[in-house]
Each structure stands twice: as C-alpha cells, then as structure tokens.
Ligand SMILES: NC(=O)c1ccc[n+]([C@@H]2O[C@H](COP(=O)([O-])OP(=O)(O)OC[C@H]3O[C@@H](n4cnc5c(N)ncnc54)[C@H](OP(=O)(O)O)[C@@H]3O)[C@@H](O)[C@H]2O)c1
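Single chain ahead, written as structure tokens, the form predicted on its own.
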C-alpha cells in the first residue's frame, strides 16, 4: 500500500512517516508544496532509518505528485491549510482514503483553546472540500509529535478514529495499529470529530503545566 503524507515535512508528518516506514512494508511518500524540500526530508528520514538497520521505502515529492498513486492520503498540514491542500490535489484523490489529523486551536495568556471551523471540525471541513465519493477519516489528532518522531521512544497511546465510511475507517484503524504501541479506537461518525480534536489543546496545556508530561498522549482504560 502507498501512503502519502502531504505536509510530511512537519512534526506529525515526520512521526507518522518514520513509524510507518520502520514498522510496516508500506511505501511512504513525503509530500510538500516544495518538491525539493520533500526530497530532502525524505532523504533525512531515510538516513535515520538506515542508521537503525531499517530497510525502508520512503520517497519525497510535491503534494500533487505524491497524491497521484496513493491509496491513503494523510493531510499532515496545519489546520488552516487543510482545505486549500485538498483543493490543490483534488484531481488525484480518486480511489483514495483521505485522513485528517489536524486540530484547530488558538493560544492566549491562559493557554490553548479549541477553535473549530464553521463545519464543526477540521475533518468535516476537509470532507466538505473533498471530491464526491472520497471518504474522509479523522485520526491521529491527539498524538505527541515529539514522541512519535523519536524512534528511540516507546509509545503506548490510543488514537480515536472517526468516519462515515466503514471500510475507510477500518482501513485507517488497521494502518494505525501497524505502528508499534498505537491502539486505534472506533470513535463513531465524522460528526463527532470535534470532540476528538478538542482534546489536543487540553493535552498541550497539560504538557506545558506539568514537567513530567512533555510528550503526553491518551490511553483509555
């Protein structure tokens, strides 16, 4: 399977790219608006993996080229760019599953606060922008990017997966659980994704205010 991480040069994109490349046999494509930047970062990821003796399949391309042959496209871009990125690559999204890991938030003197878009959540805004028939799945919003990109760190974390297409959500849960230490939970339809996204600013606030919780994740017991 080919997984494209659009904005895969950023924090969450890096972590997912490294973990999937290390833990699975899937082809991982790092996407960026700048193809040269994508190629450089893919080389960096490849070096990290090779140093650990991992036989990897990581490539770097512009976002549109990265989307063309992908089975799953992860929008690992900042939330304010999620919709515009979908619009840019829409011609290549046929027969793909589109995954939204972004959470919209603002910061003030008190800390971080969820700021959902008018559609209700970033994932729902992505679904509204996606071509008809392209399933959108919410996942990976609450992961600590620092821990995910540190291949020496052991993770034991849950990710809540939401979506309206049973086959698409099952696929994303399966891909998530191929990452060692990650457990995927069915969170229900896409309409509840705002609840999942709103947990992210809470986790950041906890990490900021508690020294022992720098790379905080969620495990439901």
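A quick note: this is a predicted structure, and the numbers were derived from the prediction, not measured. Positions refer to the first chain, counted from 1.
Although not depicted, the form predicted in complex with the named molecule is the subject of the following passage.
Proximity to the named molecule in the predicted complex, taken as heavy atoms within 4.5 Å, picks out 27-35 from the listed stretches 27-35, 49-57, 157-165, 177-185. When you look in the predicted complex, the only residue of 145, 93, 129, 72 with a non-hydrogen atom within 4.5 Å of the named molecule is 145. Contact annotation: residue 78 falls within 4.5 Å of the named molecule in the predicted complex, judged by heavy atom distances. The named molecule in the predicted complex comes within 4.5 Å of no heavy atom belonging to residue 18. Taking the partner from elsewhere, residue 85 is found to have a heavy atom lying within 4.5 Å of the named molecule in the predicted complex. Contact check for residue 141: a non-hydrogen atom falls within 4.5 Å of the named molecule in the predicted complex. Contacts between 93-113 and the named molecule, taken as any heavy atom within 4.5 Å in the predicted complex, involve 101, 102, 103.
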